[in-house]
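Here we start with a single chain on its own, the form predicted alone, put down as structure tokens.
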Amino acid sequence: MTALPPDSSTSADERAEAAAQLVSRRTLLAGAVGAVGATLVNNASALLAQTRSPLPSPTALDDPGKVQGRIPSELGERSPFEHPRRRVNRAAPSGESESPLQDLYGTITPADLHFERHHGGVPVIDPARYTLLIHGMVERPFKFTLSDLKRFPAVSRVCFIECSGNGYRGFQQNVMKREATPSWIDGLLSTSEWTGVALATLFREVGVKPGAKWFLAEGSDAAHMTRSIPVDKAFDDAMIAYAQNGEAIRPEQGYPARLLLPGWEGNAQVKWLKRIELAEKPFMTREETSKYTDPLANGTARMFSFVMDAKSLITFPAYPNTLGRGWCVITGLAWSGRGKIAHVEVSTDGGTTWQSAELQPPILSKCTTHFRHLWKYDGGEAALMSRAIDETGYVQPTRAQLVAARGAGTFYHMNNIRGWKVERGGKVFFHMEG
């Protein structure tokens, strides 16, 4: 409807009535637009609020096609149906958190689930003020900023980091417990894609002198973590990493930069790296004399045992799983600091017989590798084990073999075979092999 034109055929009263109707319709339309606008604003606010809060409960999603979904957000979130968590052990010095190996897929550990192990807590470091000093037996001592490091050609590689004390609880009789998850046994292990600058590039930049055979790596943490590393490793595959899984390294992993030594024990891969000093001999720091050495039965000690030997762990079935009769797939992880995993064997009768497991690609050097083995459970008792063989021919030892080689007082590099006992009825518990 339109207003009557003010022509000669309409009276003044008719024109006044038409004008009143026009104003009334405009007021109505304005009110409707305002109501729609308010509804849109309210809906947008509600959608925005959804980006900051968990998704609706499962019952509210019975027909998701009838519900407006969330709008994009600045940071992604896991589904509310997925809630992996690290197990935190605050009893250790500065605490530790363990990756939930039994809850992960593939080989890459999400950055927020990478294990933590600290000696002086996590320092807060301003990247704009960060520097890395390289000095000692070099031609040109230099202090690199983070921007300097990022100007060098970047390199990336996928590899695991494992604490040298990982698996200790699965080795010692006095701390072993049946109700132990894979995370509790070997959770100080994680795999990431690391990006940074090759340490060899920096060493060529400063001109390492021929007589330099070792370098000292020192961290910025309150413990002033320091370790001596052979120079040969720097010219092999070491790097100064500033990124992990596509983002800047997180604070608990050494932000803004850390030392990465693929295949070597985690303690030597100094986080929050601030200084490298080159010298002819190792520096014999606290962390490589009173700590991170293995006392042997003959009164000597095993020092500078950097390489993490071949190891494997069944992650399913494991505590607290319960199996039903029938076919199941035994799955797990295998890794070696010496190179690629060549073979994994699985036993379901406590090591009496062994069968070859299937390795799941990709199979990368110094990286965790998934394995799987199809098994038919008959409802009775069983003892599950796995053992890894790497490309050098090294075979993961039994606990008895490890004790014979090092004695029972050893603490680090516990790579002995692990076991799970399946009780009659299918309940699974940790079982110390040997």
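Residue numbers here begin at 1 and follow the sequence given. These numbers come from a predicted model, not from an experiment.
What comes next is about the form predicted in complex with a small molecule, which is not displayed.
> Indicate whether the small molecule has at least one heavy atom within 4.5 Å of a heavy atom of residue 267 in the predicted complex.
Residue-level check for residue 267: yes, a contact with the small molecule.
> So in the predicted complex, does residue 311 come within 4.5 Å of the small molecule, heavy atom to heavy atom?
Because no heavy atom of residue 311 falls inside 4.5 Å of the small molecule in the predicted complex, the answer is no.
> I'd like to check something about residue 272: if you look in the predicted complex, is any of its heavy atoms closer than or equal to 4.5 Å to a heavy atom of the small molecule?
Residue 272 belongs to the contact set for the small molecule.
> Residue 98 versus the small molecule, in the predicted complex: is there a non-hydrogen atom within 4.5 Å?
No - in the predicted complex, heavy atoms of residue 98 and the small molecule never come within 4.5 Å of each other.
> I need to confirm a contact call. Of 102, 195, 253, 109, which residue comes within 4.5 Å of the small molecule in the predicted complex, counting heavy atoms only?
Selected option: 253.
> Heavy atom within 4.5 Å of the small molecule in the predicted complex: which of 185, 163, 229, 238?
Only one option qualifies, and that one is 163.
> Considering the small molecule in the predicted complex, find the one stretch among 67-75, 259-267, 296-304, 151-159 with heavy atoms no farther than 4.5 Å from it.
Correct option: 259-267.
> Taking the small molecule in the predicted complex, would 132, 203 and 283 all count as contacting it (heavy atom within 4.5 Å)?
No.
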